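Below, in structure tokens: the form predicted on its own, a single chain.
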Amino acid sequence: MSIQRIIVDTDPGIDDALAILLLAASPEISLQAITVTHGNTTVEKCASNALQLVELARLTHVPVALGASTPLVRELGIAEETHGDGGLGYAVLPRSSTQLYPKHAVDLIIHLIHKYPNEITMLCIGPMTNLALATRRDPSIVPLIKRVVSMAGTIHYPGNATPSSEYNVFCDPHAYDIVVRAGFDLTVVPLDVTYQCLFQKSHIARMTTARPEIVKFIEDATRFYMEFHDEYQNIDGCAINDPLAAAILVRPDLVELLDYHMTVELSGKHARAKTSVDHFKAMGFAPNTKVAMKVNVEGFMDFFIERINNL
């Protein structure tokens, strides 16, 4: 079994939390760090959630580093109506005794990339501010990062932040633009596939062998998330966006990737933060992104439940 070194850059966040639990349940993954950014709530609350989650998932050996508190250019936005005042829905976890890594998340990213050149995959499941800052501070890391996998964007599916933009990109479109243009081996998992993967109460009922505190956390967190999806989007269940991006690290066969040239719209009243791909190569640019456009929904849900049952 090949072991992958992963840095997860995240803004926990209900679905971020589920992704972290999935990584903890995957022996193929060697989690090198959790770097925290603003996004679903403030960076301070996101960091507190991350520290609580590493204790829940028994990952206290993994450093958790505080990162960017604001976007590069635009104003700070948070989504507590989606994830709750604390960011984890109705879930309440014990106060963590684990301490934050003493340096900034950007410093930790740069350090680990140089320590393990061409070995680390960045799993980015929040706004891209930390990686953009790391890239600007030390451009030499770009060819040293094995791969960047990002839950972000929407191609054909409606946006969940504006009519045309996905939330992670909307939070910091300038950072995402930097990453898209940097030259990474970039894989994007957009709403087009994640919104097909709806987590429902029947899935919780199948979590029969996971630790009781894991099941209770998932039930309490996703109950809030399901209420949001029902009220605001008329959806039965909740889209577990970030776990799909985590899952394809281990099970790439769960999605079909297509090579596209992707751009990020940085202006406009209605299209700001829209991710666009050149389906027909009309602009003549070479592909810069692999985009997941099809997903094996049942296979993913089975995989997610199976792994959580192993916790």
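The shown structure was predicted, so the numbers you read here are calculated from the model rather than taken from an experiment. Note that residue numbering follows the sequence shown and begins at 1.
The same protein has a further form, the form predicted together with a small molecule, not shown here; the description that follows concerns it.
Site annotation in the model of the complex: the residue of 217, 184, 199, 167 reaching within 4.5 Å of the small molecule with a heavy atom is 167. Proximity of residue 191 to the small molecule in the model of the complex falls within the 4.5 Å heavy atom cutoff. The small molecule is not drawn, but in the model of the complex it has a heavy atom within 4.5 Å of residue 125. In the model of the complex, at least one heavy atom of residue 160 sits within 4.5 Å of a heavy atom of the small molecule. Of the heavy atoms in residue 275, none are within 4.5 Å of the small molecule in the model of the complex. Per the 4.5 Å heavy atom criterion, the small molecule in the model of the complex is contacted by stretch 7-15, the sole one of 297-305, 7-15, 20-28, 284-292.
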